[in-house]
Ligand SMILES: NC(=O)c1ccc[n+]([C@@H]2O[C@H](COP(=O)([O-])OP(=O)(O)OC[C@H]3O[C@@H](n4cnc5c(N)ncnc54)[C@H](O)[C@@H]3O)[C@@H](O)[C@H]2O)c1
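The form predicted on its own is given below as one chain in structure tokens.
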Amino acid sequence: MSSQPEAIEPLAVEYPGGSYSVLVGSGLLERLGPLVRALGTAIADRFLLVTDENVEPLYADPVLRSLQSAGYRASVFVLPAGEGSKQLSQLSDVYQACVQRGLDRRSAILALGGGVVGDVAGFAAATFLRGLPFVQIPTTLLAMVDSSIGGKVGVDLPQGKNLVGAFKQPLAVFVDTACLSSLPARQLRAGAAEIAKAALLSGDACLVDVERLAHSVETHGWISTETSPLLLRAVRAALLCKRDIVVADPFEQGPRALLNLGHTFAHAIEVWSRYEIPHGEAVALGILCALRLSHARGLCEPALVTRIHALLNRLRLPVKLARAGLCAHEILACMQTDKKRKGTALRFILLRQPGAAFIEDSVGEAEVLAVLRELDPKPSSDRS
């Protein structure tokens, strides 16, 4: 990102009983103390900053200095990096840190990192002492546009993702776009998968903007003066999309499920791969499966499938999955513990066109297997 990217106005997220702001801009970490102080008296003077081993050496010190300069006492708890930290054993370690650091019910937990940190720290905040104040400070593009807002927090079980969790609304979300400059291209691409998903849910105009972003990334790279305004525009559009949906359905009783476009496939692929395929890349594959399933049912034009395949390719996101043909039944089996299922029926989000998604609970196993097999890079006749 450029050193002085365009600021984005705060976005208000309402939920039953309250609201919070999502503030987006450059240099927020250095100003975190005054920003937290402006939240009012909901927080006392003690914080536990939860981060991971990748983020801690980059950003923990400026956050601590800013908090301390504003009169707060803060300490750090560092998780191992990666999806493996989203488990009950790591959550127990966070609880122990809360006890050892003397947190009380007006102390706060701050999540500084990507989606894993936000989920674990948020679930700890939802449950320690039956609930502590919580602030999200996402540092990855994926967390900025997706997991940091909406209040869903939780951990995985060996059988599936996010099977243990809660709704915990933050006091605020601070998105420092300067953090994007430290991300490897693979993590930026992972966030772009969720941006593409949001564009498909929003409509063709947003999708065109993401296509322009992909062109700029191809030509100028992710971190450039040419790409920066397009990326910020895409971030804002994705945030608005998710904000509008979660405000309408804060506890995922109806339309909020639309945000799971591609995710029934994606979560199963993640579990099947033992998380060697990270979330954003699995989402790209899942979006492609959802569109092919929509097309197979006669819901969308083949041109839309081709268009999204090309977009994901340009963003250098995966559109093929080795062994998908041989292992389609294994991936399907991983769907059986998906928390989005309705009884024994799996829940998929299908699409008629950009901006016209809907929930479908009557998809047969043969249909699922067929689109999973289409991910295989080898023709069916070549499979051993």
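Predicted, not measured: the structure shown is a model, and the values here were computed from it. For every residue, the number given is its place in the sequence shown, counted from 1.
The next section is about a form of this same protein that is not shown, the form predicted in complex with the named molecule.
Checked against the named molecule in the model of the complex, the residues Ala143, Val135, Val271, Ile308 give one hit for a heavy atom within 4.5 Å, which is Ala143. Contact with the named molecule in the model of the complex, judged by any heavy atom within 4.5 Å, is made by just one of Ala357, Val55, Leu315, Ile331: Val55. The candidate spot formed by Arg189, Arg292 and Pro302 is out of contact with the named molecule in the model of the complex: none of the three has a heavy atom within 4.5 Å. Residues placing heavy atoms within 4.5 Å of the named molecule in the model of the complex fall in a single listed stretch, namely 109 to 117, out of 209 to 217, 109 to 117, 70 to 78, 293 to 301. The named molecule in the model of the complex is not approached by Ser224, whose heavy atoms all lie more than 4.5 angstroms from it. Remark: Lys168 does not count among the residues lining the named molecule in the model of the complex, judged by a heavy atom distance of 4.5 Å or less. The named molecule is not drawn, but in the model of the complex it has a heavy atom within 4.5 Å of Leu183. The named molecule is not shown here, but in the model of the complex it comes within 4.5 Å of a heavy atom of Lys152. Shown without its partner, the chain has Lys242 as the single residue in segment 229 to 253 with a non-hydrogen atom within 4.5 angstroms of the named molecule in the model of the complex.
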